[in-house]
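Okay, here we've got a single chain as C-alpha cells, the form predicted on its own, with questions on binding and movement later.
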C-alpha cells in the first residue's frame, strides 16, 4: 500500500472524526442552552418527538413490541447512531469541498430549530437551542478541518495526527461536559417535584373500602391486584416529560357547549373528589402483554365538569388535549354515564407522578388509553367524531377504542417447570363490563373452569387460578375469559392495530 493512499485514508478518518466531534459539541451546547432556557426545546427531544409524530402505526407497534416501555430510550439511541453517521459523512464532505459538510451539520441544527418552534406549547425561546447547536456545529467543524489538512514542510505526519487528536478530543470533551452540565442544570430546575411532594391531596367524599384480602391470591409470579406507581406502565409520546406548575395549570372546556368553563388548580382542589380503582390498558398491549396496570385514582367526575358547561345534545365526542399537543377522542357517553370517568389528581394515595400526568390527567374505565387517558390534560373540546380527529386516529387507529375482553397466564410464564402439583394463574379483564369466569386447558384437552379471586369492581382486572399436576414433557397452556355480559373471549388472533389485540393467550412449558 503506497504512502499516498495511506495518507488519504488517514485524512478521511480524521475528517470523519472531526464531523463527529463537531456534532458532539453542538449537541452538548444545544442541550445545555435548552436546560437553562426551555427544556422542552432540547434538540434531541424535539427531533425525536417529530419522528414519533411522523411514525406510521406499524413503526410504533414494532417499537413497543421490541422495546416495551423502553421505546423512548431506543429512539434516542437510534437518533444518536444516525446523527453519528451523518456527522462523520459531513466531515468527509467538508474535507472534499469546504462548506459542504458545514451545510449538512448546520441543517440539522436548523431542523431542530424549526421543529421546536412549531410544536404545541412552544415558548418564546424555543428557537434558541437549535440555533446555538447549528452555529456551534459549523464553527467547530471549520476549526477542526484546519487540523485535518496537512501543512506541507511544517509538521510531519505523526505531528499532524497528534495535533488533530488533541483538538478533536478537546472539542468532543467540551461537548460531553456541556451535556453533563445541562443534565445538572435540568435537574436543578426540577422544582415541580418539590411542589408535588409537598402537595396534600383532599379527602374523597366517600373513601373506597380497603381491597378485600380475597382479591389477591398471593401467588408468586402473579401480578399484584394494585400496581405500585413505580411499576405502572408508561406509554406516551413525550420524550421530554411536561413539568407543569399547578399554579399555572388551567383546564378549559369549550366547543359544543352552552358556556365555556375554565378552572384552575385551587378550584379543582375545592371540588368534591371521588376514589375509584380503575385498570388502564394500552391499545398496543399484545395478547399476554404487560402494558396494563390497576391503581386507586382520586379525582373529580368529568361528567360534572361537562354538566357545568352544558353539552350540546348533538355532540358525541370529547377531544381531550395535553399540554404537549397530544389529543384523544373519547365517546361522550363514556364521560357522562355512571362510570367513574375522572379528572384525576391522585394515584394510589399520592399526587400523580410527573410521568403519569401531574398535575391532572383523565382516567376513563372501559376505553384504551389512546382514546381516554390523556396526561397533563389542559383542554376538553366537546365536538363530534365527524368534525375532529385525535392524534392516533389520524394515524389509522380506531376512533372509539373500547376495551376488549382479555386474559393472560402469569404462572407459569413459560420455560421449565418442576413436575408435580402446581398452579396455573393469571389475570382477566374487561373494564366497565367485568369478568364472569376464566377457563384453562392444557394440550388441547378439555376446558376447565378456574377459580376467580374477588373482583374489586367491574372496572378492574381480576386474578384467577387453577390447580395442575405437571407431568414430564412439553405442554401448551391456554386460557380464555367470559365476560359478565356472557361474551366469550375470541380465539381469532388480531394484532394491536387498529383497535386492540385479541386471541387466546398460550404459553409453552417443559416439565422435567
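Numbering follows the first chain given and starts at 1. Please read all numbers here as calculations on a predicted model, not as lab measurements.
Just so it is clear, the following notes concern the form predicted in complex with a small molecule, a form of the same protein that is not shown.
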Margin query: With a cut-off of 4.5 Å between heavy atoms, is residue 322 one of the residues that contacts the small molecule in the predicted complex?
Written below: yes
Next item on the list: Evaluate residue 167 for contact with the small molecule in the predicted complex, applying a 4.5 angstroms cut-off between non-hydrogen atoms, and reply yes or no.
Entry: no
Checklist line | Any non-hydrogen atom of residue 263 within 4.5 angstroms of the small molecule in the predicted complex | finding: no
Margin query: Within 4.5 Å, heavy atoms only: does residue 326 come near the small molecule in the predicted complex?
Written below: yes
Item checked: Options 214 to 222, 277 to 285, 99 to 107, 423 to 431; stretch whose heavy atom lies within 4.5 Å of the small molecule in the predicted complex -> 277 to 285
Next item on the list: Sort through 408, 361, 404, 339 and report the residue having a heavy atom within 4.5 Å of the small molecule in the predicted complex.
Entry: 361
Next item on the list: Quick one: from 232, 127, 249, 385, grab the residue that has a heavy atom within 4.5 Å of the small molecule in the predicted complex.
Entry: 232
